[in-house]
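Take a look at this single chain, the form predicted on its own, given in structure tokens.
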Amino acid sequence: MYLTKEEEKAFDGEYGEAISLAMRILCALGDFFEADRLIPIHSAHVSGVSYKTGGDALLTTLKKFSYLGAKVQSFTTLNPGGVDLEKWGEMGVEKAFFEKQREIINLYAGMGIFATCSCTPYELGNLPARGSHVAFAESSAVAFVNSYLGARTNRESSLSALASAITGKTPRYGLHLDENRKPTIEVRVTAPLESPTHYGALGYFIGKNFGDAIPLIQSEHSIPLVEAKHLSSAAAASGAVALYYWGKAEGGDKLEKVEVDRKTLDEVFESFGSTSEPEVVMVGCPHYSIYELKKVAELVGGRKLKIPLWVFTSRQVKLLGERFGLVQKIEQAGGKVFCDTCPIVAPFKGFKCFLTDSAKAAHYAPSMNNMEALLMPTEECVKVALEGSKWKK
């Protein structure tokens, strides 16, 4: 991979050992994927935050970068960690875990990274423009910014995204190139898309059946932001979809066509099953926006919950929700609004089964938390939490 004179100096350590280490990581990555050169990035989003998934190896890596004086050169945000940094005790998490988690986040913050601890950085100011190059390492955010925003990023690892943040650059290959962004399959949707969860079910079907394809999705429905979040996260979780098109795209002629009808989506919902009753309702994967927080507060409607309702969002959205009394309405009903973490990367204990409106959360529940999951739209989730009635699929 070609390096400019300045990049060669960075590689050789003239600008410090941290930048040199980051450059070596990016060069190894670029050589592997046959990138021709490095390109500047608009921003980065770093994953690899939860102590549950990263453990002491993550801490050791971050301490090394910190010891070498690493500082990010691009605007960079951070993925969720394993606990709510203020209400960790209410999650049943041990103090030793919390302290390790706090140390990880402090190390990232010490490098100049905005510790947003959210998987929806585009709702928190990290909003790349159409056509701009970024280095994002959260699969749901990758699919969202490539598809909905029209920015360009590969599915970065936590380490490569951090290296890009430190250098301000990324190798030019993959989805940064026009020739790799053409649709590869056409998906005609005849099923009614009645809720954001239905868009998630659609994404789940596409990812599970077509892996890393680039689908051109044809539907009579539009795709607002919340629906795009659910579609992106589910397609990236069940497969490796990093880019899709909604409605039109160059190179969309003569593609293999697949139809998704109501029966197809019904089968996705039915694929998540359990012999147990849901013991808790968890929503907010990806993190809830203020719009979604408002919707849940209205659905609760001043009544008392009979089954715990846990809502996950970013701290910034929670603050806004508190400003308008939305968080208070949920908590007065007996629910909890958690920040900094999510149903996937938190070390939950004591639950066998949960109900969610997120296909992504339902997908990862068995492997990440040894929990069974049931999938329903938000309205049904809140209804079950309020009525506490026997679960009926």
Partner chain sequence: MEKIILKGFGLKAVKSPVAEGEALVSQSPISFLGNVDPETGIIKNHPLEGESVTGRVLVFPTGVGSTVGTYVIINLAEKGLAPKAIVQRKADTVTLVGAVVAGIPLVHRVTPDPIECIRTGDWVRVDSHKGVVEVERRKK
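Numbering follows the first chain given and starts at 1. Bear in mind that the values here come from a model prediction, so they are computed numbers and not experimental data.
There is another form of this protein, the form predicted in complex with its partner chain, and it is not shown here; the text below is about that form.
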query: Residue 53, heavy atom within 4.5 angstroms of its partner chain in the predicted bound form; finding: yes
query: Touches its partner chain in the predicted bound form: residue 347 (any heavy atom, 4.5 Å); finding: no
query: Contact flag, residue 276 vs its partner chain in the predicted bound form, heavy atom cut 4.5 Å; finding: no
query: Contact label in the predicted bound form: residue 158 to its partner chain, heavy atom within 4.5 Å; finding: yes
query: Option touching its partner chain, based on a heavy atom within 4.5 Å in the predicted bound form, out of 75, 173, 272, 148; finding: 173
query: Position in contact with its partner chain when the complex is considered in the predicted bound form, options 243, 296, 206, 236, heavy atoms within 4.5 Å; finding: 236
query: 25, 47 and 366 each touching its partner chain in the predicted bound form (heavy atom, 4.5 Å); finding: yes
query: Segment that reaches its partner chain in the predicted bound form - one of 66 to 74, 35 to 43, 358 to 366, 326 to 334, heavy atoms within 4.5 Å; finding: 358 to 366
query: Within 4.5 Å of its partner chain in the predicted bound form: residues from 122 to 144 (heavy atom criterion); finding: 137, 138, 139
